[in-house]
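Only one chain is given next, in structure tokens, and it is the form predicted alone.
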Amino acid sequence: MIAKASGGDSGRHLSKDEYRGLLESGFKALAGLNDIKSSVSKFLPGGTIGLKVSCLARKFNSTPVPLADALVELLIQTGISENKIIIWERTNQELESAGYALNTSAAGRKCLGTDTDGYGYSRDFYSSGPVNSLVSRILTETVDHNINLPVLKDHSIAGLSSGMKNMYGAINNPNKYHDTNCDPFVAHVSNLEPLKAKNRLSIIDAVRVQYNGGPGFDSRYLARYNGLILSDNPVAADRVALEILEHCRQQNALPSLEKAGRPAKFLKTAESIGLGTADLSKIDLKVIVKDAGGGERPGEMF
């Protein structure tokens, strides 16, 4: 489902409260329930919760701190202990460069990179198809359930950088998996046993879409969409993200990703190995528009 904020095209980031409103509406619509606590519990039944952010674009267009803060606040409200929440990324430097305050203490939510002392990568390799990688011990040993929390961006090789591509940040050797538009590698990274077992939700920030020039930041190619994509189907979430990305490209007179030579081929591969739904016509997409006063109404994708 998509939760969109109405109005506003100033290019600013959303506030924590605005993200909080979108998250509450999104969780309830996704769960089909009216109660926020029951809605969150349907996908996250306790334990330690990981939030895998994307910090490659530093402060310019990484997972916004207000979004992570709003999600942490919501999880706490629904009964998850703050000490059982971990915001994580590949390295501490990436987190700090995106504006996150590190915390490796036992008090409060943790925020740390895989390169933190005492963590690192798994001792054993995990394999799927041509992928053979070590996986972050934050995911394999610390987290019970993970929320994938990326930003919607163009990618110079894969075409699409969204949920599944974000999980390259959970393995030790992502540099090996960029040939042939990252296909079939993106799909098989997400099919590694710890990732497949623990990724419960994709929440994709599509507020400011980097529709060209990604995955880094290029201010010439930013479009305002003002929405979050929420799904427990990682392939469907990315397929919807692709539709938004292609729409932004079309609105700005750019060719489709396929014509640009970087189609997001990995989506069909992901579907073929059972990770989810890549056919947009088979995705039951709901869109909710949230206004500044807190009201909401059904909306359209575009």
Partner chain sequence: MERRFFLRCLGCSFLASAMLQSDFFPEILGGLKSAEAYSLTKNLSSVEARYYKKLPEGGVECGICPRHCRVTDLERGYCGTRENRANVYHTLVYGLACSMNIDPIEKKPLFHFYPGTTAFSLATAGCNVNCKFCQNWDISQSRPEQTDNVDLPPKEVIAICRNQNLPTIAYTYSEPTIFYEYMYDIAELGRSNSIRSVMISNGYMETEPLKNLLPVLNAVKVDLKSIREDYYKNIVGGELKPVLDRIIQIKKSGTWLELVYLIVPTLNDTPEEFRELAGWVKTNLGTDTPLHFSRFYPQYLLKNLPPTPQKTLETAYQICRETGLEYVYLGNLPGHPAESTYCPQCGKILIERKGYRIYQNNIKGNRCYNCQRNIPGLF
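Small disclaimer: the values here were computed from a predicted structure and weren't measured. Numbering follows the first chain given and starts at 1.
Below, we turn to the form predicted in complex with the partner chain, even though it does not appear here.
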property: Contact residue in the model of the complex, chosen from 78, 132, 83, 103 - any heavy atom within 4.5 Å of the partner chain; result: 132
property: In the model of the complex, the residue from 110, 208, 188, 155 that sits within 4.5 Å of the partner chain by heavy atoms; result: 155
property: The partner chain contact at residue 37 in the model of the complex, heavy atom, 4.5 Å; result: no
property: Distance check, residue 175 to the partner chain in the model of the complex, heavy atom within 4.5 Å; result: yes
property: Residue 58 within 4.5 Å of the partner chain in the model of the complex, heavy atoms; result: yes
property: 4.5 Å heavy atom contact, residue 194 and the partner chain in the model of the complex; result: no
property: Residue stretch of 144 to 152, 223 to 231, 195 to 203, 117 to 125 approaching the partner chain in the model of the complex, non-hydrogen atom distance within 4.5 Å; result: 117 to 125
